[in-house]
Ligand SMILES: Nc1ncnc2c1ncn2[C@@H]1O[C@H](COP(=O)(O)OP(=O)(O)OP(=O)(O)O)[C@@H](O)[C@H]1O
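The chain below stands alone, shown as structure tokens; this is the form predicted on its own.
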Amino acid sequence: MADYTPSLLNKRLVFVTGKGGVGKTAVSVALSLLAARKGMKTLLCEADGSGDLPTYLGVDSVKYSQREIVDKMYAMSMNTEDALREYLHIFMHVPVVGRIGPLANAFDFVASAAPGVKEILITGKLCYEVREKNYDIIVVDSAATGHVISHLAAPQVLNSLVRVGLVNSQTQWMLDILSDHDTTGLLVVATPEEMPVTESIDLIDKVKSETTVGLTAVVMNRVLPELFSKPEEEAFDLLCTERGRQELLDATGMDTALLLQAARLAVELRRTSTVHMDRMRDALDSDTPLINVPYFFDPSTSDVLAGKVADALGEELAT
């Protein structure tokens, strides 16, 4: 296994984020499948309950209560009311009741005025599962790049606001877990395009300056394949000339102008994406891996696609 494999699968808690549309959920599911295949008891958590996780798992729904999807792999979706009920029961010893709608509404009102209050439920639930050692690894399909900082920094924010008392003690142990880079890490997903790469670089800077969570790796998703080797590319360039096309037409009777234009477009797209990949690599520390996942051209359902991404991740980590 590559040297950076433990940095992914030996974490206890991995937050996965990325700009909307880059395949963040697919990579979250893929990493969870990969961990489960290696015999690790895995929890995949959807931080935003309105996401597409069920589609990628091939199930009808995912709820707050953990559900086993495949052997060793469980999934759940965050819910404010259920998380608040569990928090009150575990830490405040409040008896479990059927519904706490009015209390949850009041909590939402308070959370809208106090930074980090709502996010602390999500982060606290995840850190609690880590502390209790209920799973070997927890993979979090986190909020997108524009919102993930508030989740990662929630214990830190509340801890700085409330210096003593119950709130301080409740956030300190969470902060200890998040700050331990051997335990917790962040996985950023991008595609080799200008805006996703720019947002990812900005996010990495904010993570370093505003949170205590360490960056584990960056996944570059939907990487186009290199169509030609160097000799093949020289032959292709020749065919793209007027003389080359005419010689091919004379030899085969086929006008390949449209085919060559399509291939030229694919080559140019690959070259452009390489520029963005290089920019991403240059922004990373030397010990932070950039992991490539190829573009899958064949049509697949979301759950099948997640399996293919898991295969690609496994192959990448094994090289």
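The structure displayed is predicted, hence computed values, not measured ones. We number the residues from 1 along the sequence you see.
What comes next is about the form predicted together with this ligand, which is not displayed.
J.: Could you confirm whether G58 comes within 4.5 Å of this ligand in the model of the complex, counting heavy atoms only?
T.: No, no contact at 4.5 Å.
J.: Check whether L305 has any heavy atom within 4.5 Å of a heavy atom of this ligand in the model of the complex, and answer yes or no.
T.: L305: yes, in contact with this ligand in the model of the complex.
J.: When the contact criterion is heavy atoms within 4.5 Å, does D48 count as touching this ligand in the model of the complex?
T.: Because a heavy atom of D48 falls inside 4.5 Å of this ligand in the model of the complex, the answer is yes.
J.: Can you tell me whether R12 touches this ligand? I mean in the model of the complex, with a 4.5 angstroms heavy atom cut-off.
T.: Result no; R12 lies far from this ligand in the model of the complex.
J.: This ligand isn't shown here, but in the model of the complex which of K125, K72, K118, R222 has a heavy atom within 4.5 Å of it?
T.: By the 4.5 Å heavy-atom cutoff, the listed residue in contact is R222.
J.: Tell me which of 22-30, 60-68, 263-271, 279-287 has residues with heavy atoms within 4.5 angstroms of this ligand in the model of the complex?
T.: In short, 22-30.
J.: Does anything in 274-296 come within 4.5 Å of this ligand in the model of the complex by heavy atoms, and if so which residues, in order?
T.: Residues within 4.5 Å: V293, P294, Y295, F296.
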